[in-house]
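Single chain ahead, written as structure tokens, the form predicted on its own.
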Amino acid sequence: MAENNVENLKKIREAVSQDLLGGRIDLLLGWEKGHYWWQSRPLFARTEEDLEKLTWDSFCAINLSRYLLDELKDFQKVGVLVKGCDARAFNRLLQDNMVVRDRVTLYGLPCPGMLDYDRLAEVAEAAPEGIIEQNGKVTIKTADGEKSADRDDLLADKCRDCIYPDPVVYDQLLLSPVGKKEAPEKFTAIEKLEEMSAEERYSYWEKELSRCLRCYACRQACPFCSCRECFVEQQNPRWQGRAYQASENFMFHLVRAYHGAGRCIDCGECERACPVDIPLQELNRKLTKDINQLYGDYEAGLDAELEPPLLTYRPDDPAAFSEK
């Protein structure tokens, strides 16, 4: 991930191998390299041989906490490498009683942000063949030579808006903290949408959601989509058909967004996983903005003991919906 990546990876492997090989955990969730040099995919390590595949680089964007929903069914003790967003996702699952804290060991990895391959290719004006990172700069190697850019300009969208790169919960912190970042103007796009008329907003979302394949990749990647059975897969009653219908696309995405109201950690995994680039974060952030205005600033996943606003009740809660 940086010029000291080899040393960092060595520290990570040493720490997790002691627990895995010593029997303190039965499975480690981490990352390994995928088919391409710029892809890092989930690793499910159970042996010393598996740990040799473990990686930690600038493409470990996938949120690993989501995989606990499946792995805790088969393993008694699971270890997870967690970035800032992974740790907040874990707190969300803990609040929903979807994981058991005593059965999970969290290894904290402060994260300087993940890189976006498309931005690398755009800067290089060719297919990148590799990168070198040093002192906040990224040198992109191509068949035609090399090009350099500031690392911050090459970050994935989800990482540009992240203000909590350090894990908010962990059992062991394996690397040096990065520190909290300045809050971005993440509601700018939402405010532009709010300025539109109802008809303009409908046209905007009709166009965006018309691309939806209903592959449900957004749901599978999302930490707040933790239901054991999703409504779209119910047969009796049946809520969603197989053929394309604009109304059903609207229904799925609006129900999913409202389900995450006050629970979305703004990790951007839904939007990153979408194969047709629907701006799903705009739906999530609109609800986050509204909840903050109604109930005060609340950031999901920071504290597992603090319940989301819509899961609590106070006599002085606003009830603007009932006022005429």
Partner chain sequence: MPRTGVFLCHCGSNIAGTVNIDQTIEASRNFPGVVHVDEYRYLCSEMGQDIIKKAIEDNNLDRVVVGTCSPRMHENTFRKAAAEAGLNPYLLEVANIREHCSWVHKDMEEGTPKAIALLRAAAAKVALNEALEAPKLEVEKRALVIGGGIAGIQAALDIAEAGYPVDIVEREPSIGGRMAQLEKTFPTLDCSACILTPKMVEAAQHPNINLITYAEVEEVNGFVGQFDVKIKQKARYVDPVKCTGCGICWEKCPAKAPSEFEMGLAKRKSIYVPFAQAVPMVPVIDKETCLYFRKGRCQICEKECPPQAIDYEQQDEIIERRYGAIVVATGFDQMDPSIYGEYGYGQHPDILTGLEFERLFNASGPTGGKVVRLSDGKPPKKVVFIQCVGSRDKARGMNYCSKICCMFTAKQAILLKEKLPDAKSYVFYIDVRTAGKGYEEFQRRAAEEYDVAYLRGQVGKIFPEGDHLVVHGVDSLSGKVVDIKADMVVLSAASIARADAPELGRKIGINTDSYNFFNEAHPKLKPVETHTAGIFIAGACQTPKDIPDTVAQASAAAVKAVGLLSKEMLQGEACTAEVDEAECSGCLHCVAVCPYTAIDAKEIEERYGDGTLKRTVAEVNPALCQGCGSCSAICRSGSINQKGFSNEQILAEVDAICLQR
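Keep in mind it's a predicted model, so treat the numbers as computed, not measured. Numbering follows the first chain given and starts at 1.
Below, we turn to the form predicted in complex with its partner chain, even though it does not appear here.
Which one of these stretches, 79-87, 220-228, 122-130, 149-157, sits within 4.5 Å of its partner chain in the predicted complex when only heavy atoms are counted? Every other range fails; the passing one is 220-228.
task: Please run the contact check for T139 against its partner chain in the predicted complex: heavy atoms, 4.5 angstroms, yes or no?
output: T139: no, not in contact with its partner chain in the predicted complex.
Contact of L311 with its partner chain in the predicted complex (heavy atom, 4.5 Å): Contact with its partner chain, yes.
L175: touches its partner chain in the predicted complex, heavy atom cutoff 4.5 angstroms:
Taking the distances in the predicted complex, the answer for L175 is no, it never comes within 4.5 Å of its partner chain.
Check: Is there a non-hydrogen atom of K207 within 4.5 angstroms of a non-hydrogen atom of its partner chain in the predicted complex?
Finding: Judged by the heavy-atom cut-off of 4.5 Å, K207 is well away from its partner chain in the predicted complex.
| query | its partner chain in the predicted complex: within 4.5 Å of a heavy atom of each of N5, Y170 and E185? | reply | Negative, none of the three is within 4.5 Å.
| task | Enumerate the residues of 243-277 that have a non-hydrogen atom within 4.5 Å of its partner chain in the predicted complex, in sequence order, or give none. | result | If the 4.5 Å heavy-atom criterion is applied to its partner chain in the predicted complex, 243-277 yields H259, R263.
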